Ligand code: NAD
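Single chain ahead, written as structure tokens, the form predicted alone.
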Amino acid sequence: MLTQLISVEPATGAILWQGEAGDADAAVANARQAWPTWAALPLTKRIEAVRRYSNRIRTQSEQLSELIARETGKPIWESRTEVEAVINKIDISVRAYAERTAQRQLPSQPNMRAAMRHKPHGVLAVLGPYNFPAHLPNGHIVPALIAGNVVVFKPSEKTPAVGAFLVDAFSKSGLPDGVVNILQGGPDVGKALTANDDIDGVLFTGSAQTGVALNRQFASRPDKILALEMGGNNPIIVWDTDDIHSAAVLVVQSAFLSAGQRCSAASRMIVKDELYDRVVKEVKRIADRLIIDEPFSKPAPFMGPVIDNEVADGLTESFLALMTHGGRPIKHMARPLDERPFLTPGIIDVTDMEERPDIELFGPILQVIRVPDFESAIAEANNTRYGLSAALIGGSAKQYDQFWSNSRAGIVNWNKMTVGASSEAPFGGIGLSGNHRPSAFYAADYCAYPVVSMEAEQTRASIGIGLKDED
């Protein structure tokens, strides 16, 4: 059991944060005690509270950006975009709640009123990931609070400092004690939290392996809400296009932003035979130019390290495994510093592999597959149990319609990256990528449940048929 947590900066190896693992049962009990009062507050009061939190984050935006950069290793410019997303999430969530869960009057009989309203679930566990340690859990927590839920938030054990910063910001914004609770710890603490019978649901962002385990755990508990936002083995198809450079830029951005540590990152480039040489050459040329360095270095890096040495070792082994099973390296993955988790992008042609592993390689590895025709490209894109993001670069409007109609993914783009989805839209996938509860704008849907009421101010009733005559 992990009782002492230590957060180390991936780029430097310096210790950033230390703390003790928390008590899941105590955190849930604290949340349960706070829930009735929080749920009873008028919606306007709850919105005021999260707006105060937003304002506090805004005044501390650079401090939070630097903390994210140090704890994750991502460049400071990228951390700043994450903090902007945290701030913008408040207004987006308010609009989403009004649109998705608004109170409505329904058609009804004379002298009768029919209404639909929404109620919060209660105590929700939020399990956050390390790649966007502020934005992604914030995307669960804020909609949950607006709806009237209280939260027990367990950050990733790899990014506890950012998690502590967020909860401290909630506390200092005047939210009552127990409304947002921090629970630090490793997988054992997460299991204790999800096993607590007094939670009303789990909002999870992370790996498919953990998501599937949660799905099994709650299979006999339909009374508890479970929203799973998992990973992807995402395809990007490069088809008929005259702008090879722009196509290659979109591929490189899709595959290697955040050092490939995005659930929507492109893992597989599927390219038409006739374009193969030109596209691969240009993708490699751009990848060779990417600056990989510490978050605050100058010139600004395109990407930093992956989260830790264990992950870097696993990705290096995965690249070697692809090579030994028939993959042909186009750009070898390298480890510039043995003691630090910096990786150069790896590109490998896996066309001739007999069996391609259908797994999420959560890092800067791009697999290349060449195909003879567009139907084969679509079939290859769908050759996965995942279904989060997919993109077509080039092609005609007719081919995009065909691609859109046949793609098994929750996000389908044309001449755009696979990454960078808008918080103004739903975000989620199918298969091993999610359980049909998309987040972002649609998070309001899983944070409250509809209650339909038939209402009359006076008690009037009669039975007009099926009664015996009175004696």
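Start at 1 and count along the sequence shown; that's the residue number. These figures come from a predicted structure and were not determined experimentally.
Just so it is clear, the following notes concern the form predicted in complex with nicotinamide-adenine-dinucleotide, a form of the same protein that is not shown.
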(Q) Taking a heavy atom within 4.5 Å as contact, would all three of G231, E360 and L388 count as contacting nicotinamide-adenine-dinucleotide in the predicted complex? (A) yes
Q | Residue among G178, G186, G326, G148 with a heavy atom within 4.5 Å of nicotinamide-adenine-dinucleotide in the predicted complex | A | G186
Q. Which residue among P364, G163, G206, P120 has a heavy atom within 4.5 angstroms of nicotinamide-adenine-dinucleotide in the predicted complex?
A. G206
Q. Tell me which of 396 to 404, 337 to 345, 128 to 136, 313 to 321 has residues with heavy atoms within 4.5 angstroms of nicotinamide-adenine-dinucleotide in the predicted complex?
A. 128 to 136
**Q.** 4.5 Å heavy atom contact, F427 to nicotinamide-adenine-dinucleotide in the predicted complex
**A.** yes
Q.
Using a 4.5 angstroms cut-off on non-hydrogen atoms, would V306 count as touching nicotinamide-adenine-dinucleotide in the predicted complex?
A. no
Q. Does nicotinamide-adenine-dinucleotide come within 4.5 Å of any heavy atom of E157 in the predicted complex?
A. yes
Q.
Even though the partner isn't displayed, in the predicted complex is G201 close enough to nicotinamide-adenine-dinucleotide, meaning a heavy atom within 4.5 Å?
A. no
